[in-house]
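A single chain, nothing else alongside it, follows as structure tokens in the form predicted alone.
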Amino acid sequence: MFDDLHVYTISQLNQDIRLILEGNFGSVWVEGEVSNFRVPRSGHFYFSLKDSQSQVRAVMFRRRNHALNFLPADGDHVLCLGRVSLYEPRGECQLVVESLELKGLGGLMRAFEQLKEKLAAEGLFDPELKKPIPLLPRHVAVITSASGAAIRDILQVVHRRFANLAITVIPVTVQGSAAAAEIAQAIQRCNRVLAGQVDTIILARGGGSWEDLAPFNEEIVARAIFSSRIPLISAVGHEIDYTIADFVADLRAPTPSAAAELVVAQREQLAEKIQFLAQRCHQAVSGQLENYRSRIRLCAARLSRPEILYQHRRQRVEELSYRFTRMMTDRLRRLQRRLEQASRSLAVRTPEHRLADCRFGLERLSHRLLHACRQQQQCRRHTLDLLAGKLDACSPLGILRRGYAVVEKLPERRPVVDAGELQNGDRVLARFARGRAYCGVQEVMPDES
């Protein structure tokens, strides 16, 4: 009974559902709050869009999200343009986002701060890279709306201050989603087509809400301003308004009229300055000419009586001659004294004088050495006599000279120190201080003590 039924697999069912969704929904605008936002290593944005009752999953692929000038976060209220699709592996409905915008002033301010930090880190606001504005430009290009009040204010100021200044107006849209790209293209076209002709660019717009000034906070406009080879003045909004374009530009003007005043100097001021400089130049030249006239009159007065000039010069020559002679005499005397001192010093250092000093010193050393040797000899002789007396006092011969004798028993010739070692009839050898004698023992008398 089930043979005629068409049975779907899960993959086939999800594929058909995806085709139905994508076929019935074209590009749709969806408004909601961002939640569960995450960015994996692939660079794609994955998040959910929700309102008070429902939510839908969303994805924004890397090739689309790299153009955003802000990074979404949980809680942001956004407006998305995308197409409805189905993620087949999980069977989940999702919104493939093509464009993403923040809704509300808070979101715009956060995008502004994020872009400002990014461009500052890259050095686009570096004061050292800003180009100087010409003092007297000959040709100014104004990029602004052709029908706005900004161009009228600029032309009015220029006509009042310097009517001969050439102005080229490049009309652009200064509000809306297409304005940023159009402004960036106008800056690039001005650098490409009018290079060498235009001295300064004025990027101008009148006041407006923060949303109205949004094109001047776009990254594409900031990079076009930074890449401009022609100095650029940003005059966007009122004095209290600040945009990214103001930070990147070479000079910021609070209003379009102020930009024109900064670029064009007043003709009257320039004329007064030129007249002042001309007067100073005339006074300087007149003073220099009068100085030269005085010097010429003085020289002419001196040349009218040449004998006076000759007498002054002769007196000067004589004075210098006397000073020179005295100076040379003093110098010769100093040199003579130095020469005499050197001669005396050299005489003391002659070989004969040095040899005599050495000979005298040698004789003194010889006498001292001889005297020292004699004293040493006497001391050693006295010491030797003392040692000889001590040695003689301890010598056996000395003892024998005092009347003692050494007795040796024969035939062993062993010294006898005890009379008990002898017997009657033994033969002994007696040694005296001079000579010796062989004796026979007649009677042995032991020690009575």
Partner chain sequence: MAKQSFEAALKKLEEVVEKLESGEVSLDQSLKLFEQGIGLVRQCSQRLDEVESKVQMLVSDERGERLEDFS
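Positions refer to the first chain, counted from 1. Computed from a predicted model, the values in this text were never measured in an experiment. Superpose the two forms; the largest set of C-alphas matching within 1.5 Å is the rigid core.
Although not depicted, the form predicted in complex with its partner chain is the subject of the following passage.
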item: Close approach of residue 87 to its partner chain in the model of the complex, 4.5 Å, heavy atom; value: no
item: Its partner chain contact in the model of the complex: residue 77, any heavy atom under 4.5 Å; value: no
item: 4.5 Å heavy atom contact, residue 135 and its partner chain in the model of the complex; value: yes
item: Non-hydrogen atom contact residue 201 with its partner chain in the model of the complex at 4.5 angstroms; value: no
item: Its partner chain: the contacting residue among 311, 329, 343, 288 in the model of the complex [heavy atom, 4.5 Å]; value: 288
item: Listed residue that, although its partner chain is not shown, lies within 4.5 Å of it in the model of the complex (heavy atoms), from 230, 111, 96, 194; value: 194
item: Complete contact of 30, 38 and 73 with its partner chain in the model of the complex (any heavy atom, 4.5 Å); value: no
item: Stretch in contact, per heavy atom within 4.5 angstroms of its partner chain in the model of the complex, of 173-181, 248-256, 312-320, 144-152; value: 144-152
item: Stretch 271-290 - residues with a heavy atom within 4.5 Å of its partner chain in the model of the complex; value: 271, 273, 274, 277, 278, 280, 281, 282, 284, 285, 288, 289
item: Core-superposed C-alpha of residue 279 shifting 2 Å or more between the shown form and the other one; value: yes
